[in-house]
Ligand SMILES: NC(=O)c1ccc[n+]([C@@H]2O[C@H](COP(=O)([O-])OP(=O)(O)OC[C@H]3O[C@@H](n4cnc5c(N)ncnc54)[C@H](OP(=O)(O)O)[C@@H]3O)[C@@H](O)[C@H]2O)c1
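Here we start with a single chain on its own, the form predicted alone, put down as structure tokens.
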């Protein structure tokens, strides 16, 4: 039996429950391929999964191998697979996880060809964060040219893609970011960056001054109410974190979204990357053995942008 390294949890808990261990290398079933993982990427929601905070609506069988994002090379093709062959470079979002390992079996239905213009490992940052951004901007936010869009939490991994896609849509982009992230957010196309640690957003913008609010971070009830006041009547609020309720008489549409897998959208994102329209900003890369430390840093609020995890780097 051929073995491989993986990062798994056997129980819910703090970052110390993540184990780096040997497990059997999987074989692809019908409609699947085996991927040699160049990288997975860290998403803060995976820390919530590990802690057990998502178990009611996203249950997993334990032990569970972490890693929703995958970028890698097809090394084996299962029965019934025609779209990919051995040697193809692919990316995808694995709804069942498993990419925090040297190899992972993946359904071809969730994979697309990797971007050609960036390193394969860097492309692991694209599926979860990129799909979240695409759906927030285009499906739910309906961002269009000429709109004034506020992105709250632009310095995170999703925020970089949201900023670029809103700019691509032709919007005027106002972004909140701390000092560590401000320059990166400007590079990604923000027209105006507000340091939320230095000035209240209400004072910086004024009530009713934005067409669309895209919220990417958890909020206290007072902060959520303050943000809601910034949206004009007839505007839209989309949150991927704390639901934000506008005043009943505000005439504002508010949505709380959960990202879904969509290979057509992921393909479109790959095309934008290869066209140079969307950049993939990797803030850090770490070996798989360091995954518990990455979880700890994220939970302490000490990360920015996208972090990739390299299973074959020891």
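What you see is a predicted model, and the numbers here were worked out from it, not measured in a lab. Numbering follows the first chain given and starts at 1.
The discussion below concerns the form predicted in complex with this ligand, not included here.
**Q** Since the chain is shown here on its own, which stretch among 149-157, 99-107, 164-172, 79-87 would lie within 4.5 Å of this ligand in the model of the complex, judged by heavy atoms?
**A** Only one stretch qualifies here: 149-157.
**Q** Have a look at 186, 180, 232, 142 for me and say which one sits with a heavy atom within 4.5 Å of this ligand in the model of the complex.
**A** So the residue touching this ligand in the model of the complex, by this definition, is 180.
**Q** I need to confirm a contact call. Of 224, 112, 121, 216, which residue comes within 4.5 Å of this ligand in the model of the complex, counting heavy atoms only?
**A** After the contact test, the surviving option is 216.
**Q** Just checking whether residue 31 would be counted as a contact of this ligand in the model of the complex - the rule being heavy atoms within 4.5 angstroms.
**A** Residue-level check for residue 31: no, no contact with this ligand.
**Q** Taking this ligand as it sits in the model of the complex, is residue 53 in contact with it (heavy atom to heavy atom, 4.5 Å or less)?
**A** The answer is no: residue 53 has no heavy atom within 4.5 Å of this ligand.
**Q** Can you work out whether residue 45 and this ligand are in contact in the model of the complex, taking contact to mean some heavy atom pair no more than 4.5 Å apart?
**A** It does: once this ligand is placed as it appears in the model of the complex, residue 45 has a heavy atom within 4.5 Å of it.
**Q** Is there any non-hydrogen atom of residue 212 lying within 4.5 Å of this ligand in the model of the complex?
**A** So residue 212 does not count as contacting this ligand.
**Q** Using a 4.5 Å cut-off on heavy atoms, what residues in 243-273 are near this ligand in the model of the complex?
**A** Read in sequence order, the residues that approach this ligand (within 4.5 Å, in the model of the complex) are 257, 258, 259.
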